[in-house]
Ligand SMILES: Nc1ncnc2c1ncn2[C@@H]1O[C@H](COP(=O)(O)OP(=O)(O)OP(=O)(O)O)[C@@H](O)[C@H]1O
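Listed next as structure tokens is one chain, alone, in the form predicted alone.
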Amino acid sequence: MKYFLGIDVGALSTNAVILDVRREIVGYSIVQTGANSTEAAEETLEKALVMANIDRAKITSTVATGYGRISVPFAEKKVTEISCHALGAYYLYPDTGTVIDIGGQDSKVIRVGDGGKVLDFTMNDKCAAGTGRFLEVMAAKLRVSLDELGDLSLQASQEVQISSVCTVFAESEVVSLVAQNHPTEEIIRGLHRSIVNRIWSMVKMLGIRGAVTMSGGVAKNRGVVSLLEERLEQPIHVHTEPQIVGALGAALLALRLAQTAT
């Protein structure tokens, strides 16, 4: 049996997916990127191999993606994450026409055509506002864990408006709101609303095509997903492990690469 590997080196996490020749996921892994992208790629590969119960020699081809893809020396090919997220989302949900990817340091909206082809995209990579890093900073300031944000947001009966779009200024605004004794869950819901508003402005640029699939770590935040569904006026596909969508797309390209070579 031949196997195909996709590695997605992101700002906060590095993810791996292993596919077999039938295009089935047999192993995957998510690790923190940390200070060394190459070490993170090695670590996530080893963990994915353990899940797949195969050794490294069984990997036929490897494709790397993500901002740190250049740091994966064992990849035969390195490709943009835009194409990988589109392909991965289409594989999981064939009715996908729009992908919203909110990662650690940037966010993207991608229009997807038949077969997972990228038709158009827009991205915010100039500012951390509206990203996983933004939520990480705010969670620390509010002294709650990142995993708690979604549930706390859903408990809020109302929300506090966050006027600042810059992470630094929003942080100062949150400190002020805490001092004014605003409930934590209402502040969190306001922060989530500010993220949704930024994504909505990107969506409006491209328009919504077909079903919407969300990828990236922020897709695990039920508060953000709920508000985004409300704003888009339609449900959003979210995979059990939305962080592996890019790596999945890279693995599909690795399989395609091997088939082309034969």
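Numbering starts at 1 and follows the sequence shown. Note that the structure is a prediction, hence the values are computed from the model and not measured.
Quick note: we don't show the form predicted in complex with the named molecule, though the next part is all about it.
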| query | finding |
| --- | --- |
| In the predicted bound form, the one of Leu154, Val168, Val118, Leu146 near the named molecule [non-hydrogen atom within 4.5 angstroms] | Leu146 |
| Proximity to the named molecule in the predicted bound form, single hit among Ser29, Thr213, Asn221, Thr62 (heavy atom within 4.5 Å) | Asn221 |
| Touches the named molecule in the predicted bound form: Leu135 (any heavy atom, 4.5 Å) | yes |
| Gln105, heavy atom within 4.5 angstroms of the named molecule in the predicted bound form | yes |
| Partner proximity in the predicted bound form: Val21 to the named molecule, non-hydrogen atom cutoff 4.5 Å | no |
| Contact of Ile25 with the named molecule in the predicted bound form (heavy atom, 4.5 Å) | no |
| Listed range touching the named molecule, judged in the predicted bound form by heavy atoms within 4.5 Å, from 87-95, 69-77, 170-178, 146-154 | 146-154 |
| In the predicted bound form, residues of 1-22 near the named molecule [heavy atom within 4.5 Å] | Gly10, Ala11, Leu12, Ser13 |
